[in-house]
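Before any questions on how it binds or moves, here is one chain, the form predicted alone, in structure tokens.
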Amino acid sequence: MAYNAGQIKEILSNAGRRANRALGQNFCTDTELLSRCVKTAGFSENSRVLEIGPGLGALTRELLAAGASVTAVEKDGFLADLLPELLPDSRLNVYHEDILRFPISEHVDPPFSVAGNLPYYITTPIVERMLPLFPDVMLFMVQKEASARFFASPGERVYGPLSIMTRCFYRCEVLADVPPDRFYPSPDVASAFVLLRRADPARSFPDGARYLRFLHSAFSKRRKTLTNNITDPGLPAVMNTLGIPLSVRAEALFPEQFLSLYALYAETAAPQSADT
């Protein structure tokens, strides 16, 4: 069960602490919402879950209740030390680490899933750290405005590498819009619970990290053409083979076009070129 606002205040006050807004600490107090989203995501006793920013364990409790084994990564040392006391469970391992630097492969065996209430200010870097690993399921609480990146289409302002990676490999849906009053302290913006489920577990995936670097190069200057952003002399021939105009900008290509382009380009380009 999630703590209510009064309980959260008491826990923090007893330790001489306050919620750290610099770390994006807004603790969800809606147990029913968390439980429902965990059930919809399908977490069970067979699930290995990497949880990002567990805080006081509101989401962690629901993951454990579903039977999952949880590797929780918490940047706040106080909360990382407190969580095992609040939730003593052999299936929970807590690490005081920055998720952007945490050596995931050393602590979580595939296949695994990811869950977390993501700090608003680093949502995109965190999601882009996870996407190349192709987790089976990702369940994220994010700022509602940021959730648009998962669904963006060509030509939209927020369309970019995250949108393309998501739409190439995942089925994505918003499970719930979450108003500010479901948190303590209340954030200044509304949030959304987003579920990403891998579209085809049997699909042969590219090297996710290289593909993401390719996408970032393609979008490095949004108003320039793709061939101006990626100057490898082999790219125009690949584009011609696929019938893609050399005058096209990255923002005009659909996710599947990008995937086809990268697949052929990676076959024909030198390794360092594909990493452009």
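Here the structure is a predicted model, which means the values were calculated and not measured. All residue numbers refer to positions in the sequence shown, first residue = 1.
Beyond what is shown, the protein has a form predicted together with a small molecule; the following relates to that form.
The shortest heavy atom separation between residue 117 and the small molecule in the predicted bound form is within 4.5 Å. None of the heavy atoms of residue 129 is located within 4.5 Å of the small molecule in the predicted bound form. Heavy atoms of residue 136 never reach within 4.5 Å of the small molecule in the predicted bound form, leaving it off the interface. Interface residue remark: residue 69 is not counted as part of the site for the small molecule in the predicted bound form, having no heavy atom within 4.5 Å. Checking 142, 164, 196, 73 against the small molecule in the predicted bound form, a heavy atom within 4.5 Å turns up for just one residue: 73.
Note on contacts: among 47, 26, 227, 217, the single residue with a heavy atom within 4.5 Å of the small molecule in the predicted bound form is 26. Remark: all three candidate residues (58, 79 and 97) come within 4.5 Å of the small molecule in the predicted bound form, counting heavy atoms only.
None of 144 to 152, 164 to 172, 120 to 128, 103 to 111 except one has non-hydrogen atoms within 4.5 angstroms of the small molecule in the predicted bound form; the exception is 120 to 128.
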